[in-house]
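Here we start with a single chain on its own, the form predicted alone, put down as structure tokens.
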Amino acid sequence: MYHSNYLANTLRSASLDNDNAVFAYLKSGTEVSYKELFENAEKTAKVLINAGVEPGDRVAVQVVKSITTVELYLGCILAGGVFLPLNTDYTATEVEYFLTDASPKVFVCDQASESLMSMVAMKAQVANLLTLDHTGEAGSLFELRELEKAGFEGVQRAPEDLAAILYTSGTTGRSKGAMLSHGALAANALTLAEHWQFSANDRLIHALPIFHIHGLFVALNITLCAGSSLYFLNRFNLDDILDCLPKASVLMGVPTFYVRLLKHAGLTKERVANMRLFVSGSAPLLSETHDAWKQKTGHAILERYGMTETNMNTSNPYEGERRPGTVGLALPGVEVKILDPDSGQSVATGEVGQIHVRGPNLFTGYWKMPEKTAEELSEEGWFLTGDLGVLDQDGYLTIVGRSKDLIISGGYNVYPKEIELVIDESPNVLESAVIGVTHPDFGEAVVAVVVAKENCQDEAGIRALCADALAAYKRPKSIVFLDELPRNTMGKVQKAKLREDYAGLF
């Protein structure tokens, strides 16, 4: 037991008396027990300490998803280090920024990119470079780990000590490193495990990346806290998920998972008969997708709301009404309030305002950005999320957009989500994204970027819907059709890119 290491102790407690229980089922047919998982984590902790990692030192990681990567995460926590996962799609230039900013003691990169990343590490003055290959079973980190023996108590870390830094996407301006403590990660994992009624009998389908909150601190940490098992898939693959469904009990995914599964003939009520929970997050889930999923499977997808800086804030109830289009109610211990951006006063129920949250799940600030931290995290512990939302009379939260996505056209505030909901009602529209584009008369003009169903570009029908439902100033000045919307690795629509692409439209 890792009594002195707060997060490691939290993640180990549930499995301690059941060492031989399966933590992960791999696609190869291999099973990884909790005993094996934590013994390898202990060995990895020794490797990191031998490489000079001291309490509070950062360990940057950009490698392909594997069980060894999970063991590296746990080993970093045990060693007292600060885990810094990097998106595997980041370029060398982007990686150099993160390494320079975070000054990690160790950088673990993909063995295939060692020659390039060694130069990047040298430019960023990172002394220790270790490697893992795509299987997780080769590379210098793996080889050094195999020379060590299990048996490591864990470096003393308290709830307030730093456990991880995750950089925000940085679609506008400089990426910010959100600092997450042992206490914040432990509190959120325990809350979610209880709220979503996880037990040791659960088997979760894990097809998410593990450089992001959803796959790392939601899916993995809940599994560990409950002592349950997971089907560990290196990436999203329709056939792999369909193969796992009859044996699993929970799937966590992004909306794209569910949209693609709905198109597959293999998705049936019989195939999901053993499932008890489908969770969606990281991007908005269309009400249409929610309804189609319920009709085809008999299950209501549970949508929740979280951020890099806050872990999870709200969730539709496990028992109770899961309302399409909403992200549910505040989680136990979490407070949510909606404030007018100009006056700072609370808005009336049903009115749009800026979402503020407070609770034990919050980050402690932005790495080396005290001014930015002070702007967004108040002394009373309230975080200004940057999201715009509405609370209804029952406490359900609906996200209507990002503050930076707000369109001011002719002096009027326009909320993109309101227009997207109208456009998405068209039987010929698969999905839409509404953006503001510079306009000589209105300051900004509303532009709708639309993905049509079966190439049916019904501009007249969309305009008729908008004319019926929206005030004139909210209606799109232009409608653009694309084959698909640009998205990041977590499925979020990249509105910043759309704004850039159509900047000269008027």
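Quantities reported herein were computed from a predicted structural model and do not represent experimental measurements. Numbering starts at 1 and runs along the sequence shown.
This protein has a second form, the form predicted in complex with a small molecule, left out of what is shown; the following refers to that one.
Contact annotation for the candidate site: Asp57, Gly75 and Val155 all lie away from the small molecule in the model of the complex (no heavy atom within 4.5 Å).
Distance criterion of 4.5 Å from any heavy atom to the small molecule in the model of the complex singles out Pro284 from the list Gly389, Pro416, Pro284, Pro85. Put simply, of Arg402, His195, Lys105, His356 only one has a heavy atom within 4.5 Å of the small molecule in the model of the complex, and it is Arg402. The partner is not drawn, yet in the model of the complex one stretch among 97-105, 305-313, 288-296, 180-188 has residues with heavy atoms inside 4.5 Å of the small molecule: 305-313. Looking at Leu230, you'd find every heavy atom of it more than 4.5 angstroms from the small molecule in the model of the complex.
Although the partner is absent here, Cys225 lies well away from the small molecule in the model of the complex, with no heavy atom inside 4.5 Å. Under a 4.5 angstroms non-hydrogen atom cutoff, the small molecule in the model of the complex lacks Thr135 among its neighbouring residues. Residue contact with the small molecule in the model of the complex: Ile408 places a heavy atom within 4.5 Å of it.
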